[in-house]
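Starting off, we have a lone chain in the form predicted alone, written out as structure tokens.
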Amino acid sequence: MGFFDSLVLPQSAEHITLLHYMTKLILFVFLPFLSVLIGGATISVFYKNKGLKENNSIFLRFAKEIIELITINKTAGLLMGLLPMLALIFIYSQLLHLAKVASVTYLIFSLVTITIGVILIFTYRYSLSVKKIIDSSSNPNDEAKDLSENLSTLNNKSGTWGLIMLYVASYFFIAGTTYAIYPESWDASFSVFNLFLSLPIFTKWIYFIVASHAIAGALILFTYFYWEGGRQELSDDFATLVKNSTLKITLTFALAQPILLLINVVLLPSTALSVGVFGFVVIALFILFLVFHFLYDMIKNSHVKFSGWVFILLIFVSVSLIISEQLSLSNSTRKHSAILAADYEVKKKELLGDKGIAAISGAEIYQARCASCHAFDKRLVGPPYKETLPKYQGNIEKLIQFIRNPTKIDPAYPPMPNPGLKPNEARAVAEYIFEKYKVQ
């Protein structure tokens, strides 16, 4: 994260709010794209393997058309996948500047594995298409047969490894964004052991994978039976396969979402909760109820007239949960954002010519950096000074050192974020705290 920290500019409170809005907008594009890519590629690879095993041309056609549908083209992969991910890395670098958390590191790793995964999935798509062209030849020569076998090997490996890379990428993406919401786990975020044993990360990742399959199934229904009146050239056997398989996939994975969603809400830290967080979760649950109703009616009466509604409603579920997630992030990092905003004011005064501690008193620094988390006689986010200052009596240098490089001491309190003070600023605020403590 050090490289990105060097590129970070001080952010005012207004800029931080703007960054949260930008994050929502980017996620509205990125998460549905990644969901459809993972869910659709999984369905495609499954039916391709099933088609080869059973020598079923309908399954193979279905696999080929699904991968062509979800990948669209290379430009879409760049604009909807890689560029949004890069933008998110820079935004989280800004929002978590000075915080000792591994979120940005995991997002960078996610970007790398997403890039590899997208390349492999496009290789899978094009090798499948070229192989079909070669195999359709009436009299293939030995060279064509060898090429077909090589393409088959390439297709199998690229499809399997592409999926593995995308699943790994999604896990690290979920890890990076989830850790940001849990300030009490920031120190532990650098442990690989904690990374793979974190219940909030694992349950959110499972929910994402489940939702990805539901959205991909709904997109297939939407494209084949709703968009522009549906595809009229489908044979009865192929239309039956598409309808039955995708209805089953969509309903199965949609039914698993409510319980996973509620588990994720229960696991949120108290600092992340608000009326808005609960409100958008309730909206998502209500929309899922409508999805169940439409899917049940289509399965019971063997029709697909609600396929457009199912896809649109599942997208609205994603939008509601993205907003809820970002509200949780904003709530959890409110204290850290206050520190960043105060740092911005300090840098602003320095740029305007007010340099040195003479321009900013210890009392001003205390109000800007410390008062939101500490009080002299009562517990706030951190412990009261009447409990902690006695051990620093007669040793102000020790207090200054702690202010500049805080470490977790009391397990009953979350770790103190580094306020980013200069030596003279830390000294001024330490002197002010001692003076105020004597008065108390």
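We call the rigid core the largest set of C-alpha positions that still match within 1.5 Å between the two forms. Being a predicted model, the structure only gives us computed values, none of them experimental. Residue positions are given as counts along the sequence shown, with the first one as 1.
Form predicted in complex with heme C (HEC): not shown, discussed below.
Listed stretches are 47-55, 399-407, 61-69, 31-39; the contact stretch with heme C (HEC) in the predicted bound form is 399-407, by a heavy atom cutoff of 4.5 Å. By the criterion of a heavy atom within 4.5 Å, Ile26 is excluded from the residues contacting heme C (HEC) in the predicted bound form.
The closest heavy atom approach of Arg369 to heme C (HEC) in the predicted bound form falls within 4.5 Å.
Shown alone here, Ala428 lies farther than 4.5 Å from heme C (HEC) in the predicted bound form, counting heavy atoms only.
Met416 belongs to the set of residues with a heavy atom inside 4.5 Å of heme C (HEC) in the predicted bound form.
Site residues Gly382, Tyr385 and Tyr392 are all in contact with heme C (HEC) in the predicted bound form, judged by any heavy atom within 4.5 Å. Here Lys422 counts as shifted, since its C-alpha moves by at least 2 Å between the shown form and the other one after the core is aligned. With the core superposed, Tyr126 shows a C-alpha displacement below 2 Å between the shown form and the other one. Core-superposed comparison between the shown form and the other one: the C-alpha position of Gly382 differs by no less than 2 Å.
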